[in-house]
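Structure 1 and structure 2 below are two forms of the same protein chain, each written out on its own as structure tokens.
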Structure 1
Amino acid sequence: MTTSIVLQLIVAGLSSGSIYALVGLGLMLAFKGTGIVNFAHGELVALGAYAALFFSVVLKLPYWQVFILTLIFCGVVGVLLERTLIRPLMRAPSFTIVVATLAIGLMIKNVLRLSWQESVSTFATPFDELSLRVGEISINPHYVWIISCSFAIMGLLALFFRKNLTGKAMQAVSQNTTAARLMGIRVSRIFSLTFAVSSAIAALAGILMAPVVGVEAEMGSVILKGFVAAILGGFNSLPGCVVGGLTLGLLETFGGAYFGGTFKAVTAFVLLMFVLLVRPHGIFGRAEARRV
């Protein structure tokens, strides 16, 4: 195997890895902020892709407007979801939360499938006609865009949590809701904001992956990869999730190239099992004491 192929595989792996990291990040954010593990998150990714498809194909907007409109649209959907369906579930046992969010995902998937039945399944991006060559190697510009865009967003998020007052408030709520409320933080507003950001990140993942894999209702199955990324990182830390996602992406791509498609398909599950058995709190997380 030559260096050029290895380089291409690295770029491809990093690009799918950063998608997984984004999906995992959205899941983790909602969980840390509100205690809800959102099994409809995959469908929010699909919703983002469908929204972008609609804005681009039906309204014929240019890519950059599509990009921003989709993020806003999905953020609003996230707030609506949180206000109407998630809020009543917040104190429910984990079984109820899992099943209810699955149900929400099912409904979203059904609506998406019914509302878009045209044969068009992708939208134009400025990167379609670009070609990137580094020396002998040609690199898919979509991959470069996915990687740089994801990293920019993750950097912004990290800054947001460190420097911004609202970001700090979100962290405070995730650490201790009661204490945060006593400090004058409007907790319910933070809950909504958390879901808005989480859904917008999901939508971003959807927009980014759509030109590569095509828009379809089954896109939501990427949620499993997101879970693996987040659990690898301990379901607790932003850098952990990013490293988890990239690891998964690289392993999958190289495994697929060397050992074939079946290997690629089972990588995520095997990795998940391995981590949960050997280090259930993830590579970066710390074991948590549990109150009985």
Structure 2
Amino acid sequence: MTTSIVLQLIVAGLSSGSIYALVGLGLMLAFKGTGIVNFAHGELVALGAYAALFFSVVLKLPYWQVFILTLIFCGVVGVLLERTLIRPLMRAPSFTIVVATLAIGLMIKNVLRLSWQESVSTFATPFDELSLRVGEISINPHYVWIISCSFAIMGLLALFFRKNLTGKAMQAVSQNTTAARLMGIRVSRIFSLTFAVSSAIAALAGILMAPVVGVEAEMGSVILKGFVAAILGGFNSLPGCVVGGLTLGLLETFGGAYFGGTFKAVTAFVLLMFVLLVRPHGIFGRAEARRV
């Protein structure tokens, strides 16, 4: 295998890993802000891709308008889901909320299937006509765009949670809702904001995935790789989630190139089990001390 092919595989692997990292970041954000693991997050990724397809193909809007409108649309959908379906169940057992998010995901998937049937579609991007060459190496510009978005979102979220009062309020709410209320934090507002931002990040992953894999209702299955990325890094570590996603993407890409598609299909779960056996709290995670 030549050096140029290896470098192209690295870029492709980082691109796939960046998608996994984005999905994991959205899952982690919802968990950090509300304490809820949102199993409908994968379908929100698909919803973002379909929304972008609608704005691009039906309304024929330019890519950057499609990009912004899709994020806004899915952010609003996230708020509506939280207020109408999630919030009434906040006092229910955790298992009930898990089942509810699964049901929400199935509803979104079936609505998408009824609206767009089973066909695989795509939409144009500004990167379709571009070519990027570094010496003798040809790189897909869309891969570079995906990687850039992933790192930008990670940086913005890190600043948000460390420097912004709202970000700190989200963490306080996830740790103890009652104590957060006593401190004057508007918990209901934090829940809505968390789902809005988490859904927007899911939509971003959908927009970035669509030109590469096509738009279809089964896109939501990427949530499995997002979970693996988040758990590998430690479910409370933003940098860890990105490292986990990128590691997974690289192993999948090189494994698929050397050993075929079967190896690629099982890489995520083999890697997950290995890391959990060695470090149960993830690469960057740590055990939480609880007072009793």
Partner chain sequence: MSDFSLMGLKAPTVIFGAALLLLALALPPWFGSYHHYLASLALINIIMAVGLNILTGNAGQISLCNSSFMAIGAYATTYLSVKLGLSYWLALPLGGVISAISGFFLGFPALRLRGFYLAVVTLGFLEVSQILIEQLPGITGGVRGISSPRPALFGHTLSSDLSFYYVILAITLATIWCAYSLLRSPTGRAFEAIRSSEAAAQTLAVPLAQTKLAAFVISAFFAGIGGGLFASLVGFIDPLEFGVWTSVRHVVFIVVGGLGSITGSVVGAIVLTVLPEVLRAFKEYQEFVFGGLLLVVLILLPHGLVGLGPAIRARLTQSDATSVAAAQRGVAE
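Sequence positions of structure 1, starting at 1, serve as the residue numbers. Rigid core: the largest C-alpha set superposing within 1.5 Å between the two forms. Quick caveat: nothing in here was measured; it's all calculated off a predicted structure.
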query: Form predicted on its own, given as structure number; finding: 2
query: Core-aligned CA displacement of Ile10 at least 2 Å between structures 1 and 2; finding: no
query: Core superposition between structures 1 and 2, C-alpha change of Gly167 at least 2 Å; finding: yes
query: Ser94 C-alpha relocation of at least 2 Å between structures 1 and 2, rigid core basis; finding: yes
